[in-house]
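Listed next as structure tokens is one chain, alone, in the form predicted on its own.
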Amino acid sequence: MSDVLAITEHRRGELRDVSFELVTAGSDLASQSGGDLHLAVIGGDVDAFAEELALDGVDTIHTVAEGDEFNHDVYVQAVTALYEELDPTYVLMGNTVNGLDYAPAVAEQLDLPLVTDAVGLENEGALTVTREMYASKVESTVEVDAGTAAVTIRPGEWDVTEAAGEPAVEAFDVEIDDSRVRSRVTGFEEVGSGDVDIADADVLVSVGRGIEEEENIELVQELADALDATLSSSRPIVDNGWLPKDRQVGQSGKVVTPKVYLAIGISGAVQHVAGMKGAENIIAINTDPDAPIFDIADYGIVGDLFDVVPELIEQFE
């Protein structure tokens, strides 16, 4: 029997999406391993977070009331203490700015092998982690022989668990050594952010190099307005300075998981696909019937966007 400990994330009073994806990944792995899934919530309004995380597949939620925001030194001490108390086989964390901050320190302190940026997990006698390399052009598998492991999962690769459960909620008291806490959060500054966050949008209308000229983006914006959607883009549009960086979807932009993703004039390079393949419904418009975007699209229109988009605007208005 192999238990799983997953460390959730929050920021500025809200749980991050990766927390719910960790529930899905953790419960799947625990089921394969014949163990229980333990969630940890460290800092912030732990009781409110525990209510949100009371989901199917979770056996126990451990709340650690230490601080309000993420702190490397606090997380390392808390996760280490939880591991020593629970003795899980696997520790899961997000492959995020926070997760990659403390995961290596936890793995080193606990003498655990660390596998980062997982896009798949299987346990058939030994843990096998699927990863992507070379801008997602190559898929590799890593088999962990050590028995135990720490793993960070890539956001957007697992569905969000929504079914309610009835996990036990237990407060975990850990004595934080204040002499080892050498930093603290003094505030947040939004760098290069606009008026919207494309990662939170339910419907995204995304434009690529097929738009040809900057002034043509207005046409796609009209469609986005008609759909009550948010405008986003592939990297070439941002590189040209036609839209700000915060609108970029992809490996070097943002990972998005909207209900609908409408790709207009986007060929489907692997770097872009890595940022939006988790969308529930993908619709593509492209003149090239062999464009890679059609390989992952649920619906496709082979046609000139300058003919198709005005027709869609008329229909939705």
Ligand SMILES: Cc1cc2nc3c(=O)[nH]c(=O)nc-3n(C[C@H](O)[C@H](O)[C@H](O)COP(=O)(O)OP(=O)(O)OC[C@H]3O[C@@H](n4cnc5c(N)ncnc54)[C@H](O)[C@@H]3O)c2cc1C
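Numbering starts at 1 and follows the sequence shown. Worth saying up front: this structure is predicted, and the values here are computed from it rather than measured.
The following text describes the form predicted in complex with the named molecule, which does not appear among the structures shown.
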(Q) Under a 4.5 angstroms heavy atom criterion, identify the one residue in Gly210, Gly120, Pro167, Pro88 near the named molecule in the predicted bound form. (A) Gly210
Q. Which one of Glu280, Asp288, Glu52, Asp56 is close to the named molecule in the predicted bound form, taking close to mean a heavy atom within 4.5 Å?
A. Asp288
(Q) Does any part of Gln248 reach within 4.5 Å of the named molecule in the predicted bound form? Heavy atoms only, please. (A) yes
Q: Mark Asp304 yes when one of its heavy atoms lies within 4.5 Å of a heavy atom of the named molecule in the predicted bound form, and no otherwise.
A: yes
Q.
If we define contact as a non-hydrogen atom of the residue within 4.5 angstroms of the partner, is Ile266 a contact of the named molecule in the predicted bound form?
A. yes
Q. Is His38 close enough to touch the named molecule in the predicted bound form, meaning at least one heavy atom pair within 4.5 Å?
A. no
Q: Among 60 to 68, 250 to 258, 44 to 52, 23 to 31, mark the stretch whose residues have heavy atoms within 4.5 Å of the named molecule in the predicted bound form.
A: 250 to 258
**Q.** Residues within stretch 223 to 249 having a non-hydrogen atom within 4.5 Å of the named molecule in the predicted bound form
**A.** Ser234, Arg235, Pro236, Gln248, Val249
